[in-house]
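In the block that follows, a single chain appears as structure tokens, in the form predicted alone.
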Amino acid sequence: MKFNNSPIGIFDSGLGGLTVFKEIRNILPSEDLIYFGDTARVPYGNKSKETIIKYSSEILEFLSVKGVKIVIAACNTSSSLALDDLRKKAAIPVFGVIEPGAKKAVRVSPSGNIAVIGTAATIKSRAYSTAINKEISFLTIDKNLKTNNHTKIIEKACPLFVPLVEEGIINEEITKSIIKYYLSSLIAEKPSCLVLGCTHYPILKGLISAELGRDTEIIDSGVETAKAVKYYLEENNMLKKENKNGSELFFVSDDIDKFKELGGKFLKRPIENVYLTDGIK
């Protein structure tokens, strides 16, 4: 296929999608990657569906012009509210992060309570509940896995997590207190697993896990999305043919210095090749 050596496009409202970028890089070291962080308009989680579709569509167009072979909406808010629109507009495959996370949750906890945390927009959309229930129905019909029809899905909006991560306020006591505040009601439900329904949240994974305890497995949608993307590229003969390390380009809509500083903490290495673009207004 002629698109073999074209790059993979990844976007998010800001820095959070770098957790997905990191997993894609780990599992597909030879692929060229282009990342767009909409740092001028973060966060998306408190915006209307119409606005999120507009922003996501603009970024899709930007990445398409860059010649990417697939696009990953590494943003749960975009995945929950804009994915169908993006797929209708795009001439290339568009992946979200919700379906892979939902599938993993059902396989981890086919008969227990499943908790999901995310932005207000993601939780309000009930995208995870829909995806999880769809997967439960599929597995029940397929008879590969026995499921409990009474599985309870507990969703909780945690709107302060994104700004805390974006500002680099990670290990301070205020962050721990906010995590405790948000998760207290979930702990009472004794979930078997908890889905991190926002790509910013893996940065807080250690603190979240400590609050929930060992009996609750944490599911990172970014990890599951990376696996799904690799499988798709393999099945469709779209993997890059060269074995050398892939290139990386980063674009932001505002504040390169902050992106490089905090983004380096996300990836645990320096970020180079970061450009400010006026292609997104």
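Counting begins at 1, following the sequence as shown. What you are looking at is a predicted structure, and each value in this text was computed from that prediction instead of being measured.
One more form of this protein, predicted together with a further copy of the same chain, exists but is not displayed; see below.
With the partner removed from view, the residue among 139, 169, 92, 210 that has a non-hydrogen atom within 4.5 Å of a further copy of the same chain in the model of the complex turns out to be 169. Scanning 48, 237, 26, 247 against a further copy of the same chain in the model of the complex with a 4.5 Å heavy atom cut-off leaves one residue, 48. Looking at 77 to 85, 160 to 168, 108 to 116, 94 to 102, the stretch with residues near a further copy of the same chain in the model of the complex, meaning non-hydrogen atoms within 4.5 angstroms, turns out to be 160 to 168. The putative spot formed by 15, 261 and 268 is not touched by a further copy of the same chain in the model of the complex; no residue has a non-hydrogen atom within 4.5 angstroms of it. In the model of the complex, a further copy of the same chain lies within 4.5 Å of some heavy atom of residue 254. None of the heavy atoms of residue 62 is located within 4.5 Å of a further copy of the same chain in the model of the complex. Using a 4.5 angstroms limit between non-hydrogen atoms, residue 216 is distant from a further copy of the same chain in the model of the complex. Although the partner is absent here, residue 177 sits close enough that one of its heavy atoms falls within 4.5 Å of a further copy of the same chain in the model of the complex.
In the model of the complex, the residues of 26 to 44 lying within 4.5 Å of a further copy of the same chain by at least one heavy atom are, in order, 39, 40, 41, 42, 43.
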